[in-house]
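Heads up, the chain below is alone and in the form predicted alone; it's given as structure tokens.
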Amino acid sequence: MSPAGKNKPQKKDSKASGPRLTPMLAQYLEIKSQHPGSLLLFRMGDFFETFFEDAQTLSKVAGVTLTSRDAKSEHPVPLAGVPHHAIDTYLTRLLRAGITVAICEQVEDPAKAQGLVKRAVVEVISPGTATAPELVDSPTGHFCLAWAPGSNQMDGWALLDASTGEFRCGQEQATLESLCQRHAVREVIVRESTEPSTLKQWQAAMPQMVINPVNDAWFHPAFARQTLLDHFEVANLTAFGLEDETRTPAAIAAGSVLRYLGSLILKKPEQVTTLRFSSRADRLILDEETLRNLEIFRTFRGETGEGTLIHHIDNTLTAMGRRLLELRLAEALTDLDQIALWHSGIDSALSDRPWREDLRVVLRSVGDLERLSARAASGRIGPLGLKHVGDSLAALHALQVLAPSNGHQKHPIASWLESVDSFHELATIIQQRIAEDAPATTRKPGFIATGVNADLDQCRTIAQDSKGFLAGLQLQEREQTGISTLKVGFNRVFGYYFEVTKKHLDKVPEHYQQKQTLVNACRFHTEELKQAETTILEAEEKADRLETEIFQEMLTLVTSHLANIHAACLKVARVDLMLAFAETAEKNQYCRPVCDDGLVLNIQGGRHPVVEQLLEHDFIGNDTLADGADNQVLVLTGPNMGGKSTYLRQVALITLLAQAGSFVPAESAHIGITDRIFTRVGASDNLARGESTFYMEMSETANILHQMSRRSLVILDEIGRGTSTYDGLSLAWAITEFLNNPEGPRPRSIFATHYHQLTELENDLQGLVNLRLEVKEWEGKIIFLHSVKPGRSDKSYGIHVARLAGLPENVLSRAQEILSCLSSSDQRDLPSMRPVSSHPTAQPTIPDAGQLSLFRESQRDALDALNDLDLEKISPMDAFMWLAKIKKQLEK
């Protein structure tokens, strides 16, 4: 249940509980009962008020002062309110806290109401369905995700961004957590019948995510299908790729989230113009662990910004381009033709810098057209926002003119923009009709430009002339009455009036008619003033009506072009991203990769795209050669801080960037297409689930081993270190053999380990190659060279690293002493770890678990004597005598 569910009033809020139930409070409780899961903002004049638990929630979450009605009564009612003009500020705080908000407005003019003003909920806003710019203040996506578990392990999902109208669905073997990591999800809806234990598990895994159980009927296949048919006004779902029965889970998810959005905004979501089915085969998908381990969108600490891949390669100029970049990093391409198209387009853009820079200058003028047009279609845009639509469409037209210039007629950018409809006429209409200094809202008049409508211009002239007449009338009346302080004023209740201070009341002419008495003045009107008031108000009222009509006509016009505008936005996003990739390649000296359908992964001078930006010195590039044959499993050894984790991640990130359509940080790169990148890096407990470090490690590794394919790239770092040495070594050994098994998928794999015994497998497993991080020892210290070379490392240099970390010298000396004992014991007592046969899956000879090397050298004679005993031949009495002798030796 979402946090909003806590807002439901309890029995103590009912009439029987004691508070004096006024008609207004009764109206509030009736409306609140219709929206028990939402915080109800109840419009009263210039404020939105809340009562009971809602007031307490608003006070706590939004920092609003909590007070009460009938404070002196036996049953005071908690009360908190916010000004209506500042509602977006408080809405933002509530939505970020995961609270769904119902907006209850006055639906009739209070001046014309007889008795209690009618009120009704006009919109419900949930954390994942907000659209106002103040509530969606980031260029990233703002998705509501519907999750529909299906049969045969194929689960359906649908993502809907109400702020842009982006709507897509799919189905795959995935987890809810991975989808939320992969996309900018703000809210998840699931069936109301979902098991409480499952909900609890999700909420523990994603504590910041709002998970809302909703009506099960919305997830019924027939109901979901009909929802889609009705919305898109089609006879079947063939156009969306959902008519196939095997895609029912995806259709269920899509129908349910669309129904959910409609139930909140209480009307058809006009901004949703199409639906796209995402096929699993079309994308290189990263699971939640890989996204986290590679720090694509967030660092290990969960922070955005510096340290993440997207932060350091993002050179997009538009919000649409940024969102496409996010999608490409979460779901890179697998279509070789598309990848080649992007690489050739970047190459061409790099070769003509002036052309590229001219296009980027125009792109800066393109606002978030996707969101702006969606808001126009939903009627939630002001004159200033509509002006931005016109300016953005004009910039789009300029892009279309500029793209094929300088001999670039066949460039992908020119082709994309050529396929886009021309919006030059629509842009011109908007720019001509909206005033240059247009206000943000229609509450302030004057947003329609002069010259658009003759009647509107006439009304404005009349109103302006009449106000000039009033200024002259004020001067005239002062002269005729001798009241130098007389002034003309206006308020909504009494209209225009002459105000005279009490000091001059004896000078008021007889034809003045008193309208209002104040403490220090009186207000009057005359027939002449009445006539001027009527003229002004009628002109202003007509002008307001005409402005509203013209504005609504433009919104209707934009809405009629909405589907084509959204299609154009997708092309603009591609243009922006391709030019941004070129900019990144030029700034950071990236190379053009070669991608094909082979299995060779050959990177020369590869660099980590994030680490190299954070270093104060040059990054040391390294080579990588992996394939499905002679270099199928790479076993990497070396000390901590030597750069193993950086090397592992850079290989994965270079592969990802290449398939995202970007150039890559390397001297050269040959990338055999990859269908999945799997990583198991680092160790962390999941205390919320009661899962230990080792359990998490094994669970994630199991997921990799079950799902990897021939085309996968598997990155493993220190598997087995979460348990005892021999258990961990045994597991690491077996996992290495499984990756190399000739009867298995044999994915390209890189395994970093401190278990040096695994390097012995190079002699016995076909396709396993040893690599090491170079280290130089000098005067008892080590120098990390960060260079990967063939071969294996003989030491872990753990004590050296500990010295760098500042451990006390006596601790380090004792550690060195223990290490020497362990090493000598291992050399003398432990059998070889090489397999007993040369068969690739041979069983290793695992040493006995008893390790006595922690005894001091002075105790070694007793240990040798014990080691020489033949337990098969000794009698019980002799054994007792031997034990007594050994005990005496130990006592010495």
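Sequential numbering from 1, following the sequence displayed. In this text the structure is predicted, and so the values were computed from the model without any measurement.
The discussion below concerns the form predicted in complex with a small molecule, not included here.
A single residue from the set H786, R360, K542, K515 has any heavy atom within 4.5 angstroms of the small molecule in the model of the complex; that residue is H786.
Taking P639, G767, P249, G672 one by one, only a single residue has any non-hydrogen atom within 4.5 Å of the small molecule in the model of the complex, and it is P639. The closest non-hydrogen atom of F619 lies within 4.5 Å of the small molecule in the model of the complex. Using a 4.5 Å cutoff between non-hydrogen atoms, T548 does not count as a contact of the small molecule in the model of the complex. Contact check for V611: a non-hydrogen atom falls within 4.5 Å of the small molecule in the model of the complex. Put simply, T701 is far from the small molecule in the model of the complex: not one heavy atom of it is within 4.5 Å.
Judged by heavy atoms within 4.5 Å of the small molecule in the model of the complex, the contact stretch among the candidates 154-162, 755-763, 620-628, 324-332 is 620-628.
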